[in-house]
Each structure stands twice: as C-alpha cells, then as structure tokens.
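Quick setup: one chain, the form predicted alone, written in structure tokens, and binding and motion questions come after.
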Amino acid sequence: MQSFVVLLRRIQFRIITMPPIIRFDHVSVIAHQKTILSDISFALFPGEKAVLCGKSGSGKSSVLRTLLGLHPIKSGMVYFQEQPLTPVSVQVIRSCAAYIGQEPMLGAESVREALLLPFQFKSHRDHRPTEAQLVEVLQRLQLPANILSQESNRISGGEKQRVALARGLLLGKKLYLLDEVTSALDAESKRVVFDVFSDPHLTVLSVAHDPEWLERCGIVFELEAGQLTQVRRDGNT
C-alpha cells in the first residue's frame, strides 16, 4: 500500500511539473488599428481540452490566429512548448497542430487526394497510409468508404470537418485548434467527434458556442471585448 502511495505521488508530481504546451503571457494584439486582444494570460497543458467562448467579436478566433502567427503581438509573449513565438517556432506549431475551421479548405479535388496531400511532402512521405488505414479512420468518424472518390467541393460542411479531422489523425497530430468544429454536425456526428477528442493524448484549444461542447471541455475561457474575464476548470471558477 505504501509503495502505491509513493507511486501515486510521483505521478502527481510529474503532472504538476509538466510544462504547458501553450502559454499566453499578458498578450495584447492590435489589428487594423483596433485592439482585438488585451492582456490575455492562460496556460494549456498536454491532454487538456479547452474552449474559448463569448459573444461575436470578443476575440475567440483571434487567440487561435495569434497562436498560428497570423496576428503580430503588440505586447506580452506567446509560448509553444515553452519556446517564445518566432517565425521559426510558428512553423513548429503549424507542423504539430491541426487547425480545423467551420469550412475547412481541403486543398484537393477529391477526398482521397485531400487525405493523401500531406504525404506528398518529404517529412511525411514514409508514413503514407494504406487503403485500409484510410477506410478505418473514415469509419471511425462515421464516413462511408465511397466518400474517397467524391469531389471535395461537393461534400457537406460537416463532412469536410470530419475529413479534415481524419487527415489530422492520419498525420498523428496531438494538438487540435478548432473553430466551431461542431457547427455543421448532426447529433450523431457530434458524438463521434466528442469520442475522438476524449483521447487523453490529444490536446484541444477550441472556439465554440455549442453547450454540449462546452460541457465536454474541462476548461472554459470566457472572453469579452478582447479580454479574458473568467476561467472555469471542470465546473469551478
């Protein structure tokens, strides 16, 4: 019994001392001569699921875009894996993360070509998925195998979101940046997506209004007029 307690304490210590994967430290951002983020500070640790919520224009999507290097930082600093955001580290973030928006750009004519597109590059060429792996990940997301032959611009928004998620899973992505990813999904498709992101190895930073999605996330960041007004963790303020 004593050895178990010691082991548990060691595990808890490792969790507590694990560095955050994403950290915003007093970040302010100005775009088009308007302050869109003001003095934002938060940390997200590996495996955590967080959602940014608030009214339209509160700065939710701007947090994701800032992390991806799409907005210059006026003051403060963004850290990814404890490295400050620079042109070099932005490329690391983009290679590690899967960004999925409301209407993902699949970048290829057919769904099959869209799923295989990243594997044309040298960094992924040796990990090109087999036909069986393509079908398996589609089935996991409740997409039929025959969607592979369909044109990307003819599938629904909800199907595009799941295809983009399938591509992230095939690439082995561990960090997902999601912008209203359940907005075009029916109840059953949402359940499937919820199940995928329940994986403790996946870290999620998302933007959402969906009450079901907010309930599934362990951390809720509430924003108003570009400011972080409240942080709730597992129902606690």
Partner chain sequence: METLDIELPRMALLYGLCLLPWLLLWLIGLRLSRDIGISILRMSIQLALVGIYLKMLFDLNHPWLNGLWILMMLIVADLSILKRAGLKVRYFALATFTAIASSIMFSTAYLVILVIQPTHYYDARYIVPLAGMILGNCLQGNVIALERFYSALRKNEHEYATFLMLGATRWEAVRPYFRDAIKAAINPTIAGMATMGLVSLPGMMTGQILGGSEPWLAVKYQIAIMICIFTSTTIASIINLKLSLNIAFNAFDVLRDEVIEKP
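Numbering follows the first chain given and starts at 1. Note that the structure is predicted; figures quoted are calculated from it, not measured.
The same protein also has a form predicted together with the partner chain, omitted here; what follows describes it.
In the model of the complex, at least one heavy atom of Lys173 sits within 4.5 Å of a heavy atom of the partner chain. Taking non-hydrogen atoms only, Lys190 never approaches the partner chain to within 4.5 angstroms in the model of the complex. Interface residue remark: Pro46 is not counted as part of the site for the partner chain in the model of the complex, having no heavy atom within 4.5 Å. Remark: Glu82 does not count among the residues lining the partner chain in the model of the complex, judged by a heavy atom distance of 4.5 Å or less. Residues with any non-hydrogen atom within 4.5 angstroms of the partner chain in the model of the complex fall in just one of 62-70, 49-57, 196-204, 36-44: 62-70.
Proximity to the partner chain in the model of the complex, taken as a non-hydrogen atom within 4.5 angstroms, holds for one residue of Lys74, Arg94, Arg128, Arg140, which is Arg94. Comment: the partner chain is not present in this chain, but in the model of the complex one of Ser123, Ser156, Asn146, Gln133 has a heavy atom within 4.5 Å of it, namely Ser123.
Contacts of stretch 190-209 with the partner chain in the model of the complex, defined by any heavy atom lying within 4.5 Å, are made by none of its residues.
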